[in-house]
Every structure is written in C-alpha cells, then in structure tokens.
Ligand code: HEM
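Here you get one chain, nothing else, as structure tokens; it is the form predicted on its own.
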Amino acid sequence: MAQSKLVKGLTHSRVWRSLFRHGWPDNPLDRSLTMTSNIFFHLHPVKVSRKSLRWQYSFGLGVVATILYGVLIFTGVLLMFYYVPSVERAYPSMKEIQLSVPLGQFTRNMHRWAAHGMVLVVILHMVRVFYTGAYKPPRQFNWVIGVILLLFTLGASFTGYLLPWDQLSFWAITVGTNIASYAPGAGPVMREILLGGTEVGQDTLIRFYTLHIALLPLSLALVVSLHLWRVRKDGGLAATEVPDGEG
C-alpha cells in the first residue's frame, strides 16, 4: 500500500512538472521562462504594452472573432449530421432540421447569426487595426494575413449561402457568380470553376459544400494560427506604452 502511494505520488509529481516546469515566477527570468515553456502562455508575448491591455483599445474584437469561429465549427458539425448536399434533398433536409430535429432550429440560427457576426467583427477588427496604426512596420506582414483572413471569412459566408437551396440562395449565388465573371482576365474561368458548369446545379452545390465545410475552415484555422503567432512574435498588440501615473 505504501509503495503504491509512493508510485502515485511520483507519477503525479512528474505530470505536474511536465505541465508546469517552473515554480512561482518571482523574478524576471522565471517569468520569461514560465511564458516560453507553457503551451498556453506561449501564445502571448513575454512583455506587452500596458495600453494594449485596456479593453477600450481593442474591444477584444480578435478574441470575439475567434470565439465565433469556434461556434461556427461546433454548430456546423452538428448540422452536417442531418444535411444532405443534393438538389433533391438539400431543402427538405434543412426543413427537417428546423422542424423535426431536437434544437435544430436553435442550432441553425446559432450558425447563421454567428456567421453574420463573424463577418461584422472581422471587418471591425481590421478597422480598429487601421485606426490604431497596427498595420505599420514591423506588423505589415500580419496586416496582409489579416486581409487574407477577411477574404476567407467572406468566402465561407458566400459558399454557405447556397446550402439551404431555396429561391433566395439560388438567385443570390447566380447573381454573385455572374458578377465574378466580369473580373478582368480570369473572371469567366473563375465562374465556371465555382459553378462546375454553365449554371447553378448539383455540381455547384457539391463544390460550395466542399469549400464551406472543408477547404475554407481548414484554411482559416491554419491562417489564424499563423496570425496569432505573428502577433506574439511582433510583441503583442501594437500600442505605445502609457507613462506611469496616466490612466
């Protein structure tokens, strides 16, 4: 019994030390080592500007956008259990989700409003970054990544619009792809790639479904990871330090 307790104690100690490799950080060196050796703390810079910690500075828009992305992934996976991407069954399956599946209407509404909210929050986030000058060197590369994230967000919203396969979504995608065809040079080719032919049909639905549930979410996850890594490498949010005694 005593040997068993000793083994458990040693195992617990090893697990604890593997997660928290430093004791209480009571000096600058240990604080730095605590940040760089912990997977969760490692997402944040060792030092940040005091001004950037104020909620009025960023309004947490980047965090809100990430949370909404998580909500979209969670609700989207739930909807995938019942949605059928075919021109014959897409609309009936959506109605079944709304009327027959427990919490189906709530889940679909959560997915739809989170999608609208994410587009709005990402745009506001970029406006905030521009207003505070956070796009300037050395953060210009991360600004480009943010623009790419905005395009992916709009693309995810656009591709999801067709999936209910009702009159509104059908004609909205028809108009949208026709507008895309007027892009110089690659416009007609882009439209044909999106539609899978010359008009909105089964091939279009499958392509939009694949883009919406696989390619765009995975691309967003990868680019968001790169975006957060660059925020850390660039020293956190761009902000000038507030002298002691102010605010």
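When you see a residue number, it is the position in the sequence shown, counting from 1. It should be emphasised that the depicted structure is a prediction, and the values quoted were computed from it without experimental measurement.
The form predicted together with this ligand exists for this protein as well; it is not shown, and the discussion that follows is about that form.
J.: So, P25 and this ligand: in the model of the complex, are they within 4.5 Å at any heavy atom pair?
T.: So P25 does not count as contacting this ligand.
J.: Even though this ligand is not shown here, does K233 get within 4.5 Å of it in the model of the complex, heavy atoms only?
T.: Judged by the heavy-atom cut-off of 4.5 Å, K233 is well away from this ligand in the model of the complex.
J.: Does any part of T34 reach within 4.5 Å of this ligand in the model of the complex? Heavy atoms only, please.
T.: Heavy-atom contact with this ligand at 4.5 Å: absent for T34.
J.: Even though this ligand is not shown here, does V224 get within 4.5 Å of it in the model of the complex, heavy atoms only?
T.: Yes, V224 is a contact residue.
J.: Thinking of T66, R128 and L237 as the candidate spot, does this ligand come within 4.5 Å of a heavy atom on all of them in the model of the complex?
T.: Judged in the model of the complex, T66, R128 and L237 all sit within 4.5 Å of this ligand.
J.: Taking the partner as it appears in the model of the complex, which of 174-182, 188-196, 201-209, 216-224 has residues with heavy atoms within 4.5 Å of this ligand?
T.: Result for this chain: 216-224.
J.: May I ask you to choose, among L149, A115, A90, L79, the residue with a heavy atom within 4.5 Å of this ligand in the model of the complex?
T.: Answer to the contact question: L149.
J.: From the list T159, S169, T153, T107, which entry has a heavy atom within 4.5 Å of this ligand in the model of the complex?
T.: By the 4.5 Å criterion, the partner-contacting residue is T153.
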